[in-house]
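Read the single chain below, which is given as C-alpha cells and is the form predicted on its own.
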Amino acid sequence: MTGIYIHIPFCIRKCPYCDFYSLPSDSGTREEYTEALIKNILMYKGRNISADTVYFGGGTPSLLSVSQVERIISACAEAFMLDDPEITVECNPDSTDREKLSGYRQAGVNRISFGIQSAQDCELGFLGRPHSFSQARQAVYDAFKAGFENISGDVMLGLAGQTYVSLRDTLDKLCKMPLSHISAYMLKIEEGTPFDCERVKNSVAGEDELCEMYLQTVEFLEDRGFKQYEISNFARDNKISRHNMKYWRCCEYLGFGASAHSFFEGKRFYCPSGVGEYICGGAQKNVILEEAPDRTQEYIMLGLRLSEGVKLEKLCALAGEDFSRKFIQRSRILEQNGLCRIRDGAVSLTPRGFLVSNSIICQLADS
C-alpha cells in the first residue's frame, strides 16, 4: 500500500544544526497552506489508491491547529482508501499541550513523535532547542493521558558537553517514560548551517567517541526491550514506524507540500521549496529526480539500513545469480570482521557495520 507524507515547513525558529527547509509563519499563512495541501490531496480522488500510513513531518507539524490536522486527515480519507492507517504527527514539546494532543487523538492521529533530543537542559541549550526536559517529559505524559499508546522520542548523540554518563542518564529517563519507540541520531554538522564552524566542530564528540556512544546506546536500549530494527531506530512491543519502513523497503509513497518527496508509479520526484508559490499555485509542481531508479542498487542501499537486511532470494530475482554470488562472497569477508551477519537467507549489518554502512554499501552494491 501507498504511504502519504504531509510536509509542514514551519518552525518557531530554526535549530542551528538543521538544514531542512523550514521558515517562520503566522496563523494566516498556516491556514492558506493547509487549504493548498487539501486541494492537492483531493486531486487524487477517484484514482483508487489504497494507503495505510499518513505522516505529518516538518518543520514543526504541531504548529497546526487541531482543526487543520483534522481537515487534512479528512481530505486523505476522501482521496485515498485508508486501510487501518498509522497516522503520525511530529511534535515539539513546546508547541503542544494536553488539549491539543487530545484533539489530535480525536481527529484520528494514533502516533506521536516528540523531538526530545536530551534529558540534560545544558545539552538542549547547545542544540538551540526551545524546550526544557521537564517540558518534554510533560508532553509525553500528556500524550499518554490523551490516549496515545504509540509514542516516539528522538535523542541525539555526540553533543558538546555530552558524556557517557549524561547519555546513559538521558536514555534511562526515556526508557522509563511511556515511549514505545526511540530514534537515536548521531549529530552531523551540515554544510551551511550555524553549526558549520570551527567552534562547534571542536566542541562536539570526535569520531571514535561518537562511535562508542552509538554502540553503548544500541546495547542500553536492547537491554531495556527496545529492539533495533534500523540504523537509528528502536521499538518495543513491535511498534516500528510503519511509514518510515516504506522508505527502507522501497514501497510507494506520495508527498504533499513544499519540498516533499515522493516515490510513486516507479518514479522519484519532489515538490520545489517555496511556501508562497505552493499557496498561490494550482496543482503541486513535481520535479522528476529519477524516471527509472536502479531497483537493485536501491534495494541494497536501503535494505542494509534495516536489521532484517537484504533477502538473498529477492536480490537474486532483481540482479541475477552471478551478482548474488559475488554479493555473498564479499559479505562473508565482512562477516569475518564482525560487520555483517549471514543467516536465514539474508545479509544484515551488525551495529559496528552500521557505523561504516556507507562504505559497506558501496562495496556490496558494486558486486
Partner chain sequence: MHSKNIRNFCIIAHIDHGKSTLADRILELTDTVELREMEDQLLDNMDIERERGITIKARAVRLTYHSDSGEDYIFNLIDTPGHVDFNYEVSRSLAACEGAILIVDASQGIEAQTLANTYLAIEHDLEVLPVINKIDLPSADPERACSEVENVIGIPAMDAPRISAKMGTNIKEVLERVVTDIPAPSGDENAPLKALIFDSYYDQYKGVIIYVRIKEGHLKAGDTIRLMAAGAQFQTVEVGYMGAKDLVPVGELHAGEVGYIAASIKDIGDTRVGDTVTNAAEPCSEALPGYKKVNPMVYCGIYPADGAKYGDLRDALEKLMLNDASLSFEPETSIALGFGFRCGFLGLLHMEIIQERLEREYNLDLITTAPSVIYKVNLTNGETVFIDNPTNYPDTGTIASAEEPVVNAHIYTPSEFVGNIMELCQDRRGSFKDMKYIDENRVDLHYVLPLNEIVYDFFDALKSRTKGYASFDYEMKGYEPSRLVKLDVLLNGEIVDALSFIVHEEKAYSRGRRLTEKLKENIPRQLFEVPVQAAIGGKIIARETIKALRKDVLAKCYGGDITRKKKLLEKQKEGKKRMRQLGSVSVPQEAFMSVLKLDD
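Residue numbers count along the first chain shown, from 1. Computed from a predicted structure; not experimentally measured.
Omitted from view is the form predicted in complex with its partner chain, to which the following refers.
- Contact check for Ala36: every heavy atom lies farther than 4.5 Å from its partner chain in the predicted complex.
- At a distance threshold of 4.5 angstroms between non-hydrogen atoms, Gln297 is in contact with its partner chain in the predicted complex.
- By the criterion of a heavy atom within 4.5 Å, Cys11 is excluded from the residues contacting its partner chain in the predicted complex.
- Put simply, Phe126 is far from its partner chain in the predicted complex: not one heavy atom of it is within 4.5 Å.
- For the candidate spot formed by Ile4, Phe144 and Tyr229, no residue has a non-hydrogen atom within 4.5 angstroms of its partner chain in the predicted complex.
- None of 169 to 177, 285 to 293, 144 to 152, 95 to 103 except one has non-hydrogen atoms within 4.5 angstroms of its partner chain in the predicted complex; the exception is 285 to 293.
- Though its partner chain is absent from this view, in the predicted complex it lies within 4.5 Å of a heavy atom of just one residue from Asp121, Glu212, Glu78, Asp196, which is Glu212.
- Residues of 341 to 357 that come within 4.5 Å of its partner chain in the predicted complex, judged by any heavy atom, are Phe354, Leu355, Val356, Ser357 in sequence order.
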